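Okay, so here's just one chain, in structure tokens, the form predicted on its own.
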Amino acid sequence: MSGLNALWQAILVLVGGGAIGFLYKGLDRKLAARLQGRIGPPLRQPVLDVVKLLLKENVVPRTAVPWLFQAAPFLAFVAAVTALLYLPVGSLSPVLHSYGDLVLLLYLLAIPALAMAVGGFASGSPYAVVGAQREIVMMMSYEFPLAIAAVGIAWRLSTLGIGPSFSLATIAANPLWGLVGPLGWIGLFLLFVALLVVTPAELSKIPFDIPEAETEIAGGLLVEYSGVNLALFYLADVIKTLVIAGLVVALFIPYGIAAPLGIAGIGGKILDILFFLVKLFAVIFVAVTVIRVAFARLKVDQVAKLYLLPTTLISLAGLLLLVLDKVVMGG
């Protein structure tokens, strides 16, 4: 029966996550247009885009490595969907909380970008190869501060005797803000800033859409994709956006609203889920929508310098302050 319950929970999370992902995608495009003085597409436009792609012919270039070219989008989609099942939703534990932790989630988050790069290389297109090379350079730049932020929080929880410290359910149930001193607060804030800066690059959104760069390399690593394959990459992006925002919420703002209001039972769980969705939207709006409206595309060397120097230094400073907080607090 527990296996059946997990299956139903997984179905609900995937269906609900897909619906929320499309809604947030539509809101992102609409709000970005409004911030730029445009009307923007309707909220249902992302759904229409996917339906149109699913009805299109699936073209495989003659220069491609067929099996690898077609496996890449499927791998990206499966990894994004699997990652969604490791996120705590409101006061509910992740569906797969017993079968993996934060480290596994970080690996799953890297797979869609790697799959896009592999697909670009496998296509045989020079434009796609350039885009794939840019994707790899970006990954090598932003993965380090992302790992520092995630591992730093788990390590500090372990020093407090709270475990399993790498479990997202544990991290979400034990917000560090109330367990550390002033130095820890500053350290957590720096890690929070670093993770927000990493978010748009992790999603390859403007100003970090260098691997696609339509005006430079005609769509980059996705230039040869169409039909179902392109739809799978689109769906992977929709789900991965939710996962990244959910990771930020779980690590830094996991608080519920039902307990402070004295609401328990099913009503309290529903209220916490709704509050969780509001936090997800706030993270996406701040870290994705506003950033891509406010900045123009960066060069690949600028992105590498941004993440390898200031962002990494900020995350390391945050980690150092957490270490000093442990020394001062004695636990």
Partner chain sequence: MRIGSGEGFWSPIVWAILALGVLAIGFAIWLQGRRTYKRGTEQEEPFLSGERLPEGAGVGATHLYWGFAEALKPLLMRLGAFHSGFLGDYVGWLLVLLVISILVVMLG
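Numbering follows the first chain given and starts at 1. Please read these numbers as outputs of a predicted model, since none were measured by experiment.
This next part talks about the form predicted together with the partner chain, which is not shown.
Open item on the list: For the three residues Q70, D101 and K305, which mark the spot I'm curious about, does each lie within 4.5 Å of the partner chain in the model of the complex through at least one heavy atom?
Closed with: Checked in the model of the complex: all three residues contact the partner chain.
Open item on the list: Partner absent here, but in the model of the complex, which of 196-204, 181-189, 251-259, 82-90 has residues with a heavy atom within 4.5 Å of the partner chain?
Closed with: Checking each option against the 4.5 Å cut-off leaves 82-90.
Open item on the list: Whether F74 contacts the partner chain in the model of the complex should be assessed with a 4.5 Å heavy atom distance threshold; does it?
Closed with: So F74 counts as contacting the partner chain.
TODO: Considering only heavy atoms, tell me if I273 and the partner chain come within 4.5 Å of each other in the model of the complex.
DONE: It does not: once the partner chain is placed as it appears in the model of the complex, I273 has no heavy atom within 4.5 Å of it.
- [ ] Flag A150 as yes or no: does it have a non-hydrogen atom within 4.5 angstroms of any non-hydrogen atom of the partner chain in the model of the complex?
- [x] So A150 does not count as contacting the partner chain.
Task: 4.5 Å heavy atom contact, D237 and the partner chain in the model of the complex - done: D237: no contact with the partner chain in the model of the complex.
Task: Position in contact with the partner chain when the complex is considered in the model of the complex, options A213, A173, L114, V78, heavy atoms within 4.5 Å - done: Residue within 4.5 Å of the partner: V78.
Open item on the list: Under a 4.5 angstroms heavy atom criterion, identify the one residue in K269, R297, K56, R29 near the partner chain in the model of the complex.
Closed with: Checking each option against the partner chain in the model of the complex, the one that comes within 4.5 Å is K56.
Open item on the list: Suppose contact means any heavy atom within 4.5 Å; which members of 118-149 contact the partner chain in the model of the complex?
Closed with: Result: G124, S125, P126, Y127, V129, V130, Q133, I136, V137, M140, S141.
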